[in-house]
Every structure is written in structure tokens, then in C-alpha cells.
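Each of two forms of one protein chain follows alone as C-alpha cells, named structure 1 and structure 2.
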Structure 1
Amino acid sequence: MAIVRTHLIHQEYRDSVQLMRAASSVSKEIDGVKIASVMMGTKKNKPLLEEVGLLTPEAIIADANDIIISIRADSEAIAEAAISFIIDYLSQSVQSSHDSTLLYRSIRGALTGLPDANLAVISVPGEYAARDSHIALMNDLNVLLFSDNISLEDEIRLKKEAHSKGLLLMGPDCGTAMIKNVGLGFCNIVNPGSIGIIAASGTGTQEVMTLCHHLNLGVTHAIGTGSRDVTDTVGGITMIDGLHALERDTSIKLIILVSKPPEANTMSKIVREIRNCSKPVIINFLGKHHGYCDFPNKSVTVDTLEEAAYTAATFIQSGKLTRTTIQFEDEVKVVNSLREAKQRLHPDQKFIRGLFAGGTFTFEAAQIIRDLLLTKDSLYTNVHLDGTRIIENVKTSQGNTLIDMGADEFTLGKPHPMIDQTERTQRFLKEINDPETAVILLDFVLGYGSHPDPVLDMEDAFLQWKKNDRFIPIVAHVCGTPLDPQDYNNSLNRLASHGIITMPTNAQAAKLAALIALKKDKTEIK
């Protein structure tokens, strides 16, 4: 019978990404660890421990400045070994950071040592993040607010403070940004250039910036807004302030906006600002089809992240702001894949199963696949998109199913799939054993913050797939560049070596998966 053990590290703070990495590492390194959770002892984190059965008496009394290590394991010895492993892991990571980073205990202390600094990255528990963001703004620092669990009232107050001082507050829950070609949070390495991005989506930003890189374009700024910015309650404060900031920057020649559709009043505000902007703007409000905000020579709307990048390439090369679409870059690969699928799929194999690390990739794929399927409301997912159905049980697929594995229901007390793919791997093995699965759709996100080798993380599962008697094609997309530490080209080559069909964009991967499930034998999509 499994036992639960807890250890507290008193009065020591680490950010959530570092703690999730520690939890992920121990689960892989020590056999017999059922669940490992490492998090700060805040009021908001304790219910997460309770949800997974790890809220012990020791965890209950933990202070918000304490690190809680909670382990469920097969034995006392395994639990103690896991706790020791995590303590050593955190200790080594501190030593590594000491070797290369100046450490300060407060924002004001940091400003004393770095008087020319103009941006602060805030990654502390939510109940302290608003306070620290306010201090940063009062000291004339722009803010990247990585923390979540910030109240809506605090978000609005902080964004108004930033606006009044001519500063940007990116977030809260802003996981990706780039300023002057320096990546912040989960970000890829791309060439600098004349494009600026403003986005309410982390993986949406990463897809556009990496595709621009592959098209020999350059991105210098990527301003994250946080997902709530485009609600009418917040009113698009950061998106509009970001537009003004990029308009003032003489190095930026083209602006790209990426988001789910803003709410009505905020949409009107943003459209008005675009109309008055002196620079061309490409708008990709996912889930909303093009044509809703086109002003000749001023702005153009596109349907997908891929179209945003291709339209940018057309503008940079020709000076013409024209929506540019593409069906497939490699027609031969697509034709061969469809021919093989039509010949080898069993009649009972009818459904797409998409397992995504990126929430925006889930949403974009759902938008594309929804429009290609012949039956209305025949796509189930855990993201909210008109024309799709919310799945009844996220743990079990029904019909055509696309799942954001980074949603809260999968990450309570567990690392995000961009860091640890254990949960996604288990779901993958379940899908390959379902006789109705026709095709599996995957994304792999490279860059700073992500797993050091996400393809390797799933290779054991791929070996199980190859042993399966049933033919089930896998279509995958890798979001990254050759400059990223995970080695983009090697990731593609290893996927291909397993027989996985790799596509250059999330949109093309989604289209191909839909055509395979529909048993099409041609690539023409009308």
C-alpha cells in the first residue's frame, strides 16, 4: 500500500517552473514514486495538494514562504529517497544560479545594483505578485508578470498604473515574451528583425515567431498581454499600450496581433487603434474568420497562426499587405501519407485524437478540424470554441477528440506537459489501444523553459506504438528553431525515424490529421 510523506524547507522561495522540474525529475529517476509534488505553501496551493491526496498535517501548517515536498511512494524508503533527491536537486540549482547571477532580496535592492534596469520579471505566489508588481511600477520598471492567481481587480489596477506611467504590464500569467530579442519565460531563440508581436497567447506567440524565423524574417519584440486582457472587464489595456509602444519603435515595420477574439467593446477599441496606427498590422484573432477588420494598406486579418507568418513574409518581401494562405508545403509527403492511410486504416478507425501541450495549438487545431469535418458538432474538446462540444470526461476520448493536456484538470499538483509529458504519454498509450483511433495528433514545443528533449521524453511510448498490430498514423508538429537548445532539426529527424509524419506548422498538421480520419485521397481542400 502506498504511503505519503511530506518534508518542509522553511523560509526558502523558488519559482513554480523550478519546483515543477524538481517534481518531474524525481518521478523519472526513482522507481516506486507514484506522485511527487513540490510547491510553495501558499493558501492557493494547499487545495491542489488536497485534490491529489497529498495534504498532510505537515503541509497544512506550512507557511507561504515554505517549500512543501509531498511524495506518494510504494515504501517509506522510496519516499525518503525521493525527498533527499529533491532537496539535492534544489540545492544544486541554487548553486548553479549563484555561479552566474547576481542575487538581490528585493526590487529596491536590485535597482541599487542595477540602476539602468527597466524591466522586472515577477514570479512569486499570486498573493504577493500584485504587491511586487506595484513596487516595480512605482520604480519605473516595465513588468512581466509570470505569476497567476492574481485577482481581476488587481490586474486592472496594475495595468492602469502602468498605463499612467507610460509603462507596460505584461500578464498576469504571461508565460512568453521577448524584448529587444531577449526571451523571457517560455520563449524560442529567433533572429532579430523588423516584426513586433502582441499576443494574449504564449504558444501562439511561439508559433508565429518561430515560423517567421523559418521564413527568414526577424522578430525583435513579443509583448504578452495575459489572456484576460482582451475581456471587456480589462478592456485591452496592455494590447493597446503595446500597439502604441511598437508604433513608436522605429525598428519595427510590421505588427502582428494574436489572440482569441476580444469581447465586443474591447474589439471596438482595438479596431479603432489599428485604424489610427501608422504601421501595417496583421490580426489573427483565432476562432474568428478573416475579413472583420481589413483596412487597405493598414491591416489584414488571417485565420491561423501560420497565415500570420506567411502574410508577414509577403509584406516584408513585396511591401504588399495581402492575406497569404498555403495548404501544404510538402504535397508529396501529404499525398503519400493519405494514400497509405486510405489503404491501411480499418473501417472502424474513424476518429482523430489530438493530445496537445499548447492550449493555443489545441484551439487552432479545433478551429481547422471543425471546419473540415462533415458532421456538425462532431468534435469534442476541453477548450471553448463555437461548433465544438465540451467533452464530458477529459480522461476518456469520445469521437473526434482534441485535448489541451496543459489545462488545470491535468496539472493540479503536476508539472505542465511542456515540462513533463508523463500524463500525455499515458493518454497516448490509451489512444493507440482504442480500435476507433484513426490518427493521433501531437505538438512538441521547444525553447527556454520547455523539457530539454521532449521527443526523447515520449520515445518509449513510440516504441510501444510501433509494436501495435493496428496501423495508426501519428502526425506531429514541432514548434521551435535550430537556435533553440533542444535542437529543432534533430527533433524532426528522430520523429521521422520512428515513422511519425512531421508537418511544418500546427495548422498543416491539423489539416492532414483531419484528411486522414476522413480517409481522403487528395490534398485539395475546398
Structure 2
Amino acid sequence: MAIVRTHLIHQEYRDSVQLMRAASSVSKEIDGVKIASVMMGTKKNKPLLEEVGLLTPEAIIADANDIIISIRADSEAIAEAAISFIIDYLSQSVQSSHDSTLLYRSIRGALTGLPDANLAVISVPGEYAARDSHIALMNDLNVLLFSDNISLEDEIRLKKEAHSKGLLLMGPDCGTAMIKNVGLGFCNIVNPGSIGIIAASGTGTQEVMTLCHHLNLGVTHAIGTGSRDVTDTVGGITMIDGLHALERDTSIKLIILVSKPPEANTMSKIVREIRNCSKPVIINFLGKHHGYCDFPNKSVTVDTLEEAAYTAATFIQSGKLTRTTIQFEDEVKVVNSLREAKQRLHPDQKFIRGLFAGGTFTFEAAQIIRDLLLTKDSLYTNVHLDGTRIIENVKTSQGNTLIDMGADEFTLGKPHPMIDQTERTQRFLKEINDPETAVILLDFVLGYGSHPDPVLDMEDAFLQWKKNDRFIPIVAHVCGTPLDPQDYNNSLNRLASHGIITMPTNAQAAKLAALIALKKDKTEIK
């Protein structure tokens, strides 16, 4: 019978990524650990422990600065070994960080050590993040607010405060940014150049900047706005401030906007700003069909992230601002994959199963697959997109299903799939055992912040897939560049060596997956 053990480390605060890594490592390293949870004893975390039956009397008395280590294991000895492992893991990460850049306990203190600081990167728990952002702004620091769970009122107040002081506030929930070619948050490393991006989407930014890199273009800035910026309540403060800043920066020749469509009043405001902007603008308001804000030599609208990059390439190479689209880069690979699928898929294998780490990748794939499927309303997802249905239970696929596994329902108290793919791997194994699965669609996001080797993280699952009697193609897209800390080319090669079909963009991966599920030939592509 499984036993539960709790151990507290008093008055030792650690961030959630460090704690989740410790929990994830112990599950992988020690056999017989059923559940391992390592979290701070906050009011928000205790219900999560209760849900999985780990809220012991010791855990109840922990305060917000205590680390709670909770283990459910096959035996007492295994639980004790797991606790020791975590204590060692956490103490090693402290030893590796003893240097003079870690001395400070407040923003004012840090400014004495780094008086030229011009940006505060804030990723503390949401309930404290607005307070720290305000302190940063008071000290004339621009802010990248990575934290989420910031109230709308706080967002508006902070953005107005930043604007009035000539400061930039990126976020909240700003996962990705780049300033003068330095990646911040979850960010890829790309060539510097004359393109500046302003985006409400983290993985959307990553896709556009990496595709620009592969097209021999350079990106110098990527300003993250936070997803609520273009609502009428916020009024696009960060997007417009960002647009003005990129307009004034003489190194930038072309601006790309990526966001969900702004609400009506904000849309009018942004269109006005674009018309007055002295630099050309490419606009990808996700889910909105192109043609809504096209002014000759001034702005052009596109439908997908890849179109934004291809259109940028056309402009940089020829000076022409014209929407540039492409069906597939490698047509031979597509034709061969479709031929094999048509020959080998069983008639019962009908459905696409997309398991995504990136929210915008899910949304973009849903947009593309929705338009290719023959039956209306036959795509289920947990992202909100017209013409698709919200899935009844995110844990179980129904028909064609695309799941953003980085959504709140998967990440509450658990690591995001860009950091750890335990959840996604389990779901993948479920999908390959479903006789109706025709094709699996995956994304792998490289760059700073992401898992050091996301392909390796799923390698065991791929070995199980290869042993499967049933033929199920996998289509994957790797968002990254050879400059990223992970080995981009090696990631692609390893996927290919397993027989996984790799595509150069998320959009092309989604198109191919839809055609496979429909058992189409290349010639039948719309």
C-alpha cells in the first residue's frame, strides 16, 4: 500500500520553476515514487495538495515561506530516499548560485549595485507582482511583467503609470521579449536585423522570429504586450507605445504586429496609428482573415505566423509590401507522407490529435485545420476559435482534437509543457492506443527558458510508438534556431530518425496533419 510523507524546509523561499524541476527529477530518478510535489506553503498551493490527498497535518501548518515536500511512494524507504534526493537537489542549486550578483533583497538595493539598470524582469507570484512592478516604475525602470493573475485594474493602472513616465510595461503574462537582440523570458536566439515585432503572444513571437532567422532576416526587438492589451478596457497602451518606440528606433525598417484581433475602439486606434506610422507594418491578428487593414506601401495583413515571416522576406528583399504565402516548402516530403498515409491508415483511423506546448500554435493550427476539414464544427479544442467546439473534457480527446497543454487546466501546480513534458508524454501514449487516431501533431519549442532537450524528454514515448502495430504518422514542428542553447539541427535529426515527419512551420505541420487525416493527395489541396 502506498504511504504519504511530508517534509518541511522552513523559511527558505524558492521559485516555482526550481521546485517543479526538483519534483520532476525525483519522479524520474527514483522508482516507486507515485507522486512528488514540492511547493511553497501558500494559501493557493494547499488546495492543490488537498486535491491529490497530500495535505497532511504538517503541510497544513506550513507558511508561505516554507517549502513543503510531499511524497506518495510504495514504501517508507522510497519516500525517505525521495525526500533526501529533493533536499540535496535544492541545496545544490543554492551552492551553484553563490555569487555577488545575488546579494540584493529589494529593487532599491539592486539599483545601488547596478545603477544603470533600465529594466525590471518580474516573475514573482501574481498576487505580489503588481506591487513590485509599481516599485520598479517609481524607480524609472521599464518593466517586463512575466507574472500572470494580475487584475485588469492593476494592469490599467500600471500601464498608465508607465506611459506617463515614458516607460514601457510589457505584459502582464508576457512570456517572450527581445530587446536589442537580447532574449528575455522564453526566447530564441536569432540574427539581429531591421525587423521589430510587437506581440501579444509568446509562442507567436517565437515562431515569427525564428522563421525570420531561417529566411536570413534579422530581428532586433520583440515587445510583448500581454494578451489583454488590445481590449477596449486597456486600449492598446503597450502596443501603441511599442509602435512609437520602434518607429523612433532608426535601426528598425519593418514592424510586425502579432495579436488576437483588437476590440472595436482599440482596433480603430491602432489602424490610425499604423496609417500615421512612417515605417511599413505587417499585421497578423490571429484568427482574422486578411484584408482588413491594407494600405499601399504602409501596411499589409496576413493570416498566419509563417505568412508574416514570408511577407517580411519579400519586403526586405524587394521593397514590396505584399502578402506572401506558401503551400509547402518541401513538396516531395508532403507527397510521400500523404501517399504512405493513404496506403497504410486503417479506415477507422480518422482523427487528428494535436498535443501542443504553445498556446498560439494550438490556435493557429485550429484555424488552419478548421478551414481544411470537410465537416463543419468537427474540431474540438480548449482554445476559443469560431467554427470550432470547446472540448467537453480536456483530458480525453473526441473526434479531431487540438489541445493547448500549457493552458491553466494542465499547469495549476504543475510545470508548463515547455519546461517538462510528463503530462504531454502520458497523453501521447493514450492517443497512440486509440484506434481512431490517424495522425499526431506536436510542437517543440526551443530557446532560453524551455527544457534543455524537449525531444529527449519524449524519446521513451517515441520508442513505444515505434513498437506499436498500428501505423500512426506523427507530424512535428520545431520552433528554434541553430543559435539556441538546445541543439536545433540535432533535434530535427533525432525526430526524423524515429520516422517523425518534421515540418518547417507550425502552419505547414497543421496543413499536412489535416490532409493525412482526410487521406488526401497533394493534388487535392485547396
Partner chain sequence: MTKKIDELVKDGPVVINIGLRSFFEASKTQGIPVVHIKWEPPARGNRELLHLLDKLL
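Superpose the two forms; the largest set of C-alphas matching within 1.5 Å is the rigid core. When a residue number appears, read it as a position in the sequence of structure 1, where counting begins at 1. None of these values were measured; they are calculated from a predicted model.
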query	finding
Displayed copy of the chain that is the form predicted on its own	1
Core-aligned C-alpha movement of Ala514 between structure 1 and structure 2, 2 Å or more	no
Core-aligned CA displacement of Ile156 at least 2 Å between structure 1 and structure 2	no
Core superposition between structure 1 and structure 2, C-alpha change of Ile87 at least 2 Å	yes
Per-residue Cα shift, Glu58, between structure 1 and structure 2 [Å; core superposed]	4.3
Distance the CA of Val17 travels between structure 1 and structure 2 [rigid core superposed, Å]	3.1
